[in-house]
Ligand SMILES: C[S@@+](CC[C@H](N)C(=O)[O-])C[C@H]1O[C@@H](n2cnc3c(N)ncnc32)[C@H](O)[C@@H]1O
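Next up: just one chain, as structure tokens, the form predicted alone.
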């Protein structure tokens, strides 16, 4: 589902610009292009994210704002989504700082200085819902986390102060948690709930999700409005994302399972489905894939948070995987090592015991997993496809039974290689595709063909080899586990410059 969504985004990206509005409306959409950037970074699509960020610079109005697709009027909501994307790219594209400041300043200058209320489109224009009135102003909450982030990134307190003032305004003046309102379409309602979580208003978001949960059907479907029989695809994905973030995987899984049946062969989704559906019912919309990516990424993270107790933090020296590490890494004294996708850190812990002076960093998508790792090892809560480290940061990188959970394998190899110093060593240990079925796996899990993964490593400038190894009490290799190891060429090119740290 996720890989197909990425495929749709690539297909409907306009050359050297951003993503199209819909499958039938082939003009670039600044709002969606902006908030797709962090999603693209999270799945390793760094070049596309860069293209989007650079096109948005050229698309910015002189006053700093951004317009709706095909429109010429600046909108606070759309501008906020570009800010979100630029924040994620600023460490790689420092020249974004000036347009980023212009965008933030425009939002503040056009807002009510006293209350923090953001600029609203004229009645009966772009926010009109016909007989249902206007889109809730509460969706402007979805702008405020980006403003707060910019304030922190640029050390600009005025943005943070304004975001806090604006939050107070909407909390006190907008109905945010009642799904029964006539203008509360799931798409808009979920913007509000996700923003409330990002702004630290968890109780209010929970109240809103309790309100919408009353309308979820046994099939997992949630009506687009409380009083209609049809569903909004994006709204379904967004609500699943919020439920995952609140830890309600049951409702989230149910919503995604319902939605998965409607994904088109292209990887896209029509805007709505069902009797009398009226929200882009025959066009694939560009904002649906963004929230599919976010929801499934959160689903995977939740899985590991919820199953952390099933994993061990120790491993025997006799284990074939440990022996392979010792054999291929060599002396780690005073070396910098990254354990990418570390789980509970049992390999980091073992190597730190063997080499007390090694500088070991353990990275994982699950915060619960990282809680068991000793303080002597630095922990980083982050995904593997967009790691927050500069190029060439580590003398050695290990990735053990973690690549199998990465959505895009080639991008994963590229990212592991990017953070490896020239002359450094990469060791990957994972399962053999030929043995798939021997163990139970999650739907997203991948096992690997030995030669195919070896070729990926060679394509990324590694002098690589592979061998079958033992594991647990299996001392003689039985073909289940493979160890791939390689050394990065001294003159290997750098794939991207700077950090990859602000993705989702």
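Residue numbers count along the first chain shown, from 1. Note that the structure is a prediction, hence the values are computed from the model and not measured.
Not pictured, yet referred to below: the form predicted in complex with the named molecule.
Among the residues 139, 295, 231, 365, the one placing a heavy atom within 4.5 Å of the named molecule in the predicted bound form is 365. Distance criterion of 4.5 Å from any heavy atom to the named molecule in the predicted bound form singles out 346 from the list 346, 117, 328, 148. Using a 4.5 angstroms heavy atom cutoff to the named molecule in the predicted bound form, none of 112, 163 and 169 count as contacting.
By the criterion of a heavy atom within 4.5 Å, residue 406 is counted among the residues contacting the named molecule in the predicted bound form. In the predicted bound form, at least one heavy atom of residue 369 sits within 4.5 Å of a heavy atom of the named molecule.
Contact check for residue 338: every heavy atom lies farther than 4.5 Å from the named molecule in the predicted bound form. The named molecule is not shown here, and in the predicted bound form it never comes within 4.5 Å of any heavy atom of residue 103.
Only one of 263-271, 356-364, 75-83, 278-286 places residue heavy atoms within 4.5 angstroms of the named molecule in the predicted bound form, namely 356-364. Residues of 307-333 placing a heavy atom within 4.5 Å of the named molecule in the predicted bound form: 311 alone.
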